[in-house]
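Take a look at this single chain, the form predicted on its own, given in structure tokens.
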Amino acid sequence: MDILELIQSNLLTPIVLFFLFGIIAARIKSDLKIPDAISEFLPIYLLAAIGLHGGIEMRNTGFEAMFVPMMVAIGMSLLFTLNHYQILRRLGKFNLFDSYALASTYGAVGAVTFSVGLSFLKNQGVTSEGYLAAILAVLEPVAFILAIFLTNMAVSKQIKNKKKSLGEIDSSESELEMGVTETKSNLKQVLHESITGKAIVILLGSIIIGYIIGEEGFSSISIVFDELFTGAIVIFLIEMGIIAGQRLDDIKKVGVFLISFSIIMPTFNGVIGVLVATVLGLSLGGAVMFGLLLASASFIAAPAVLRHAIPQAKPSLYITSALGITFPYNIIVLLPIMFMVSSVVHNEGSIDLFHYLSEGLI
């Protein structure tokens, strides 16, 4: 199966079709709406299911098996966040605040995208290392903390330089000082908000519980947290589709550069992630999920953290790009691409990677 056939096959899965259904419902201005209680419940359920499986896998394989992949993932997340900032600031000409907000959004991870990735692999009959759920939990706050710290440092440096060159505070400097006052959410507070957010709490708690109960304890609740998993994703993606559909008009407002960034950078990050994971010894499915961690963008945690930490940044930019562009692209196109790349590099004896590269398939 080539990449186009894989993408076409992925388009016809229930998850993608229900996501597209949600977009259509929004565009025809239907009053379809997922009840608030269900909308709040489903993310908790999905994260609990991911965490339980992750905890069980950690118990089976041991912490030492995930230590190196986790450290590498953290390092790559930080590196990619810095790279995102340079591209957005120097090439995209975004201001400092929007650049760091967008950089951290794309340096963080998307738990919903991770859930879809697991379902995608299940459809392909492939499994992945469950401990990647623990890496998901660790990566969530990393990019935000780095971006907020660097934002505060950059604004403070600008103020210091102005004072040195002018010897007095002018109106523009006053604005900068107001900016640094607003953005200087101390790192302790940001770290607290990131780690104690419901997404991280339920994920970490479920990992611990999964580790404690093991496969034997999980068997009694598997009907809820295993067999119903895909169905829950389907319902949740209807809502994601509705929200994405409502933001389609905003896409043209973010500009061609950000639209391109929202597609090119996840592709680059994801493919590099797959290759690195393969070198680290992860399985075919594990490499795909490792790549997806680095390719996804946060559109749930990001608004919650950034609206307080970097209030000068425009939410319309980082929410629209992450949810309206990157999320659909990741689950429809990039997942099959990364799966194909991972298949190639895991079976290089029978498939020539350079042939695929020369044919422009990856």
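Note that residue numbering begins at 1 and tracks the sequence as displayed. Note that this is a predicted model, so its numbers are computed, not measured.
Omitted from view is the form predicted in complex with a further copy of the same chain, to which the following refers.
Taking the partner from elsewhere, residue 212 is found to have a heavy atom lying within 4.5 Å of a further copy of the same chain in the predicted bound form.
Mapping the unseen interface onto this chain, residue 61 falls outside it, with no heavy atom inside 4.5 Å of a further copy of the same chain in the predicted bound form. Contact check for residue 28: a non-hydrogen atom falls within 4.5 Å of a further copy of the same chain in the predicted bound form.
In the predicted bound form, residue 206 approaches a further copy of the same chain with a heavy atom inside 4.5 Å.
Taking a 4.5 Å heavy atom cutoff to a further copy of the same chain in the predicted bound form, the contact residue among 71, 259, 221, 248 is 221. In summary, among the residues 139, 284, 276, 238, the only one with a non-hydrogen atom within 4.5 Å of a further copy of the same chain in the predicted bound form is 238. Contact with a further copy of the same chain, judged by heavy atoms within 4.5 Å in the predicted bound form, is confined among 31-39, 63-71, 332-340, 289-297 to 31-39. Of all the residues from 7-29, those having a non-hydrogen atom no more than 4.5 Å from a further copy of the same chain in the predicted bound form are 12, 13, 14, 17, 18, 21, 25, 28, 29.
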